[in-house]
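Okay, so here's just one chain, in structure tokens, the form predicted alone.
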């Protein structure tokens, strides 16, 4: 099949298969690996792969590769000309009738279980390593990244969040600079460790620990004067939802400071440190902030390196990975 099909007959043939409709209904809801998709459909992976091949040829699927895993989502068909636009119109017409498929409700229920299991696996990893995280995941050449992120933000009477706080590496630099620090992490064990390491607190500073996800922050609208996201965005499946949440949680004029790893090739960090992406292209971070509505988005290199221990026989073996800082501001009220 030529992709995307300009011939209405080919487009109708592509979307007349109920299994392909079920696949599109699921990958529109969430980015899924092939294995997760097969589990949500309760089908053999080989059977699912045959349908995926047809959908790929028609440019209906968007793919993202992370190590050996391929992640699938629905391509933005309505933004494409020609055949893809034809498919977009057909899909828009069919989407509303998906509940009429006898398997649809069970597909959605299985998808929710798959996503819950994925989140649980990630949370279990960080719960397991919380007590050792400062040994395996917090080692820097100079510490400049933490200080620069903190200094970028605030006046003394401020409310600041350390997002994806881990054991509170950034929060320990923020606490002396503000009146209230909000710790957010998906792992309760990490939050407990962060609170322990923050003691004793500077006079007049209050710390709150809130368990939650970065794409659904446990923070009310406009609560924060500033937020730091230090080496956390590369743990996420995608940037936009988390960045939109940061924008929502900031007051008008509030600022965010993001410290991230430049792209690298240390594949072992996926298992040893729970990394989903091997660093992030700073251009992707800048664009996500701009899409969310931030202003004054700037990128700075840092004279610092992240130096995690490399698994192996040499106890002194460490990586030396470059870091960058991105700063942005939520627009003030007109």
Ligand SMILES: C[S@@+](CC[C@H](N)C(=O)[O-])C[C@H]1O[C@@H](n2cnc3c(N)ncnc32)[C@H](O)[C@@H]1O
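Residue numbers count along the first chain shown, from 1. In this text, all values refer to a predicted model and were calculated from it rather than measured experimentally.
The protein also exists as the form predicted together with this ligand; that form is not presented, and the subsequent description refers to it.
J.: Is it the case in the model of the complex that 165, 169 and 186 each bring at least one heavy atom within 4.5 Å of this ligand?
T.: All of them do, each having a heavy atom within 4.5 Å of the partner.
J.: Report yes if any heavy atom of residue 249 sits within 4.5 Å of a heavy atom of this ligand in the model of the complex; otherwise report no.
T.: Although this ligand is absent here, residue 249 would stay clear of it in the model of the complex, with no heavy atoms inside 4.5 Å.
J.: Taking heavy atoms and a 4.5 Å cut-off, does residue 236 contact this ligand in the model of the complex?
T.: Output for residue 236 is yes: heavy atoms within 4.5 Å of this ligand.
J.: I'd like to check something about residue 230: if you look in the model of the complex, is any of its heavy atoms closer than or equal to 4.5 Å to a heavy atom of this ligand?
T.: The answer is yes: residue 230 has a heavy atom within 4.5 Å of this ligand.
J.: Against this ligand in the model of the complex, would residue 190 count as a contact residue? Criterion: heavy atoms within 4.5 Å.
T.: So residue 190 counts as contacting this ligand.
J.: Residues in which of 92-100, 109-117, 211-219, 250-258 have heavy atoms within 4.5 Å of this ligand in the model of the complex?
T.: Among the candidates, contact is made by 211-219.
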